[in-house]
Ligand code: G3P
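The chain below stands alone, shown as structure tokens; this is the form predicted alone.
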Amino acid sequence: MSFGRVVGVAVASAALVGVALGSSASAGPEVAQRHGQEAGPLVIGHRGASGYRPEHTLASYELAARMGADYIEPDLVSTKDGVLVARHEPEIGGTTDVAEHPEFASRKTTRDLDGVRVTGWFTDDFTLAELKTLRATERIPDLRQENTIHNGRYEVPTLQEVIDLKNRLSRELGRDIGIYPETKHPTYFQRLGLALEPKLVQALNRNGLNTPKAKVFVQSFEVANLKQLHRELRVPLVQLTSASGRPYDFTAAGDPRTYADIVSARGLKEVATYAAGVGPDKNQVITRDAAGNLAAPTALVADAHAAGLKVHPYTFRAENSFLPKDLRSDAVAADYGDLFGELRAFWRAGVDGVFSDNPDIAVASRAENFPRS
């Protein structure tokens, strides 16, 4: 393990000690205890604390909350029997041990997933009971070898289990932990007769979370389902965008507009008619130059704020592989670079929150850049 990686692990460990002891070193989690805008920009635990545990597991979500994250983010897909579960994609070959289960070998198949041919195992071919026999594994083991020690330890959680966890941790930690669910591939699931949106609305209603005061955001890379949810939900919605391409529902409908059109000044004004925020790829907020170094902010934040929208970019990760070239510690992709430096640039650009795989570092960075008055 190189120096950069050692430093990163030490930072994460120090943050956890601060949370546990409530020491003066724990300024980040202390700031995060304050609610809403008083805490400054939000820290969203991206798939939990996925820099330290296999993503979308209760262990990952719990660690994110204990590190001081304001929100935990479950990506939602559907089982064959219509239960919402937390997985990054409907294909689960890369995030579970399904390949080691001979009883499910025949279910390996190839599907069209938003216009891309994908081979693997899909949640919509499994009942919840069957899915519960699987165990989560680290999605990017080459970069996060330490996380592989947790392979095989955790189930695939349901949305209800995530809500129950956030309720328990809110009581235990003395602060309201929010949830930030994303509907994954909504057109895909609608075509299968397993629409995500009704189940999500039912879950929020059942748990008393469909209110303006609930600490909930709902997000999607597609547009039509957010417009539908705008009519049914009283919680804020967030339009996700990518640095390239277009929403798949636009493709399916023959709409030529792209994500670049959505984050234009005109496009953001339209987003504001159905959503409260935008969740862009971080490179849409601050560009990189030809050499891969962090460059200049775009107009996105100013244009979004002018339209009355919050800006929550994704994804902030500590490994060199995900950082601008000038903030990398060395040439080893898995080593930690200067995530503090990257976050500082985005705070200065005026973002209202960040999605991070390393919520402890994001919380500590927020405390440094937005000290308590």
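Quantities reported herein were computed from a predicted structural model and do not represent experimental measurements. In case it trips you up, residue 1 is the first one in the sequence shown, and so on.
This next part talks about the form predicted in complex with this ligand, which is not shown.
- For the marked spot (71, 316 and 360), a heavy atom within 4.5 Å of this ligand in the predicted complex is absent from each of the three residues.
- Only one segment in the set 72 to 80, 156 to 164, 126 to 134, 256 to 264 has residues whose heavy atoms sit within 4.5 Å of this ligand in the predicted complex; it is 72 to 80.
- Residue in contact with this ligand in the predicted complex (any heavy atom within 4.5 Å), chosen from 271, 301, 240, 200: 240.
- With the partner removed from view, the residue among 111, 144, 215, 88 that has a non-hydrogen atom within 4.5 Å of this ligand in the predicted complex turns out to be 88.
- Although the partner is absent here, residue 184 is a contact residue: one of its heavy atoms lies within 4.5 angstroms of this ligand in the predicted complex.
- None of the heavy atoms of residue 96 is located within 4.5 Å of this ligand in the predicted complex.
- In the predicted complex, this ligand sits within 4.5 Å of a heavy atom of residue 221.
- For the stretch 44 to 73, the set of residues having any non-hydrogen atom within 4.5 angstroms of this ligand in the predicted complex comprises 46, 47, 73, in sequence order.
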